[in-house]
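Consider the single chain below, provided in structure tokens and representing the form predicted alone.
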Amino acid sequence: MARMKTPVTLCVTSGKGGVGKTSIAVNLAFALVQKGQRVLVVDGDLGLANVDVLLRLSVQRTICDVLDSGADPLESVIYLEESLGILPASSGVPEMVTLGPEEQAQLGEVLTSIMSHFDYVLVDTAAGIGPSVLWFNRFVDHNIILLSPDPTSFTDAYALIKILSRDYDRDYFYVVFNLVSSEREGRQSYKILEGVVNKFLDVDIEYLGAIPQDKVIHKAVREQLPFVQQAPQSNAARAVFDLADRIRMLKEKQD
């Protein structure tokens, strides 16, 4: 942990809730760890934490506590494994969702002080286009837009991309489709999104893959376990491992 490094930082984000964002972020983290990487998962849903619930964690200190007390940020990281840390958020603290510029700067300093101990930092943002969602997406190096083939998911994902490009100069987005019936549906759905984005926005998007509907996902969520560990040979787990390989290529480009 003494070695300082420049990590690859990514947001897993979506315009719409209910697309499996937290589940995919957590399982992607486990997949990267299994491939020999040190990973930090930041629960970026600052007012309605989900990562700790999904992993059945007992949380003693959150991001909110660090900002309030000025405590050592590393003491807030929960290690599930030697190479996997979780920075939990608070739940039921609505003021965390609308941090002002001063608090955002403080949060950036906190995250920067922790991130250098990891190879990858995955931020699981809240859904929508709220201030915290937009801030996290500006803070990281790479934006992963997660959506489903549902038309409302398309609409909300497009709105998020539009705002980030128009107001915050983000011009490159990675796209992952979840809850697809097949890889073919994932690619077809991406082509539809790509066509609309190319027509109306001055940004580039890149397809990173699709995760199929799989009964092991619902079972893992109920049992509060990552499905890449519980059912590593399942279709969903194999898709997430493939996604982890593509994410690792971003580090090669960055290095």
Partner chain sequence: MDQFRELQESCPLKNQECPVIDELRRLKEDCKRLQELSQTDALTGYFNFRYLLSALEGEMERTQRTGLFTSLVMIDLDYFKQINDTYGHESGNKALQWSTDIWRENIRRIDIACRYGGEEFAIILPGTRLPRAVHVAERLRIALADSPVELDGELVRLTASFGVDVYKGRENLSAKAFIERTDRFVFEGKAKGRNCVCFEEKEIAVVPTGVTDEEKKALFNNPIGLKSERDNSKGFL
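Positions refer to the first chain, counted from 1. Since the model is a prediction, treat every value here as computed from it, not as a measurement.
The same protein has a further form, the form predicted together with the partner chain, not shown here; the description that follows concerns it.
Contact with the partner chain, judged by heavy atoms within 4.5 Å in the model of the complex, is confined among 32 to 40, 225 to 233, 63 to 71, 187 to 195 to 187 to 195.
Shown alone here, residue 75 lies farther than 4.5 Å from the partner chain in the model of the complex, counting heavy atoms only.
Not displayed here, the partner chain is approached by residue 159 to within 4.5 Å at the level of heavy atoms in the model of the complex. Among heavy atoms of residue 141, none comes within 4.5 Å of the partner chain in the model of the complex.
Within this chain, residue 80 is remote from the site of the partner chain in the model of the complex, having no heavy atom within 4.5 Å.
Here the marked residues 102, 155 and 215 all reach the partner chain in the model of the complex, each with a heavy atom within 4.5 angstroms. The partner is not shown here, but in the model of the complex the stretch 166 to 189 reaches within 4.5 angstroms of the partner chain through a heavy atom at 166, 167, 168, 179, 181, 184, 185, 188, 189.
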